[in-house]
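Have a look below at one chain only, the form predicted on its own, in structure tokens format.
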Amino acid sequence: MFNLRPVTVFTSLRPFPNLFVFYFLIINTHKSTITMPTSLDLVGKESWRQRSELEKMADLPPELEKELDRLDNEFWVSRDKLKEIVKRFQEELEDGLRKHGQNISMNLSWVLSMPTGDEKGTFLALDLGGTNLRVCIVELHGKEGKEGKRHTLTQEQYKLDPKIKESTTEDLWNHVADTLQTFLSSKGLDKQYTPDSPMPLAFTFSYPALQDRIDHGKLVTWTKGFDISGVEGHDVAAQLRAKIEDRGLPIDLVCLANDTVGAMIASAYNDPATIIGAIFGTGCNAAYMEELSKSSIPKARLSDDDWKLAEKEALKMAINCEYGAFDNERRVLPVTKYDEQIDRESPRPGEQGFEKLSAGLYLGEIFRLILVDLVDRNLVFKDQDVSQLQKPYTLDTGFLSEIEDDETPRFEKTRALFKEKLGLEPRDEEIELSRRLAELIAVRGARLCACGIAAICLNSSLESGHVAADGSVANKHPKFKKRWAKALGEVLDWEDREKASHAQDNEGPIKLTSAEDGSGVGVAVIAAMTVERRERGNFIGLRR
């Protein structure tokens, strides 16, 4: 029934350098079908050698080849694993909408619609970020802006003293209020506005906060390395407002918003196709619009009249997911010993589990810990001074990006980076190893970042649109968007060849775009929407 024709194929599979493979062509004489094993069948799974986008520059000694195989097994997130993570993600998103105190808090923002693009006005915007304090004057021009420009912005950046991150509530808010006073004075705004006719202030507070109103925010927990006493469990808007009043500053805090919600709103102000706002930077997070109903957001507490108004106007609520804390129990996430060390040595062990695997604050540290591990086992940088490498958080995500993006002869740029940052002079095989490590870590991060967005899309039946992303990883890593899009397509089963091809180029049905300025323009638009809503008598989530 079958004719077996042995065919010797003298080929070398890279994972097994000296193995010659003997294929049998099994030919069914009735159907004329030919079945041949693929290289994937033979090796059990695709390896880093097959997936890598990098050109080989040097052979690795056997001991480093073995280490890369080990690390690939630990860091690679397969399609099946992605789907397992996303399924759990969907469940935790729903848990957060049902009740408070869940891993993913799904915070209510009291932003009740996407912008129309017609919002106008002049606003003061304050952004308390992870490394800087930014103050802006934002002028919104709406669709009538000259040359299509919908806003103008004047800003100043003030570097946050690292000591502030571990100070007290008094230190923090005195510093913020002093900075506001300096800005107002330098721009002449203290003469233009008065306490009786104040300038509206929009405050970007990019940390998990529970909001009873749009101008209120009770900090749940500090993230991004902050550990300031006397703030958690308190209304940060009230704390800032008290310092503003102490100084008699002519400003009125109209709204408080997370930077992720701000990114979504700022982007939708210019791009109506925006469906989700995302942050892939120091931290990771997303925001989207959820139907404002008792069935969709069971934990929301509105009066009967407000529920009727929400139904009548078909209102939606912007949800600030705060999903950096996804899977804190580590039920599905692919945690390595390096991730465990980062968590153990962090200010808040056991918290922000997902963020510690995928966010920019930690990718460089994961890379450093792997190198330290290899140094300790005398596999790399032998007979060199590794004292700089031993310092935590010496390397950031930019270090990995530059290594992956280096196309200089003999990777001179990478060599210079090692010399400048670590005082090391890597050999060719150490350069090759470092490039592969940077790729493994960055690919895992990008694929994990796709999981939260995929879960939102599946829960909300979002099949097309733009995900407006901000943050250093999304904007500065040369290959993040492509890797993210590919993973999203795998989870959402974009099996159609054309869709899959487009996903590879970030041109699938759901596309990653660069977010507009969420912490400046975005919160200003939210302030404009809040003022307009108050004027037409919609007081849901507003002080009455």
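Owing to the predicted nature of the structure, the values given are computational and were not obtained by experimental measurement. So that there is no doubt, residue numbering starts at 1 and follows the sequence shown.
The protein also exists as the form predicted in complex with a small molecule; that form is not presented, and the subsequent description refers to it.
- The small molecule is not shown here, but in the model of the complex it comes within 4.5 Å of a heavy atom of K224.
- For E355, a non-hydrogen atom is located within 4.5 Å of the small molecule in the model of the complex, even though that partner is not displayed.
- Using a 4.5 Å cutoff between non-hydrogen atoms, C284 counts as a contact of the small molecule in the model of the complex.
- Shown alone here, P208 lies within 4.5 Å of the small molecule in the model of the complex, counting heavy atoms only.
- Contact annotation: of the candidates I279, A125, V111, I453, the single residue with a non-hydrogen atom within 4.5 angstroms of the small molecule in the model of the complex is I279.
- This chain is displayed without the small molecule, yet in the model of the complex the stretch 347-355 from 411-419, 77-85, 347-355, 299-307 comes within 4.5 Å of it by heavy atoms.
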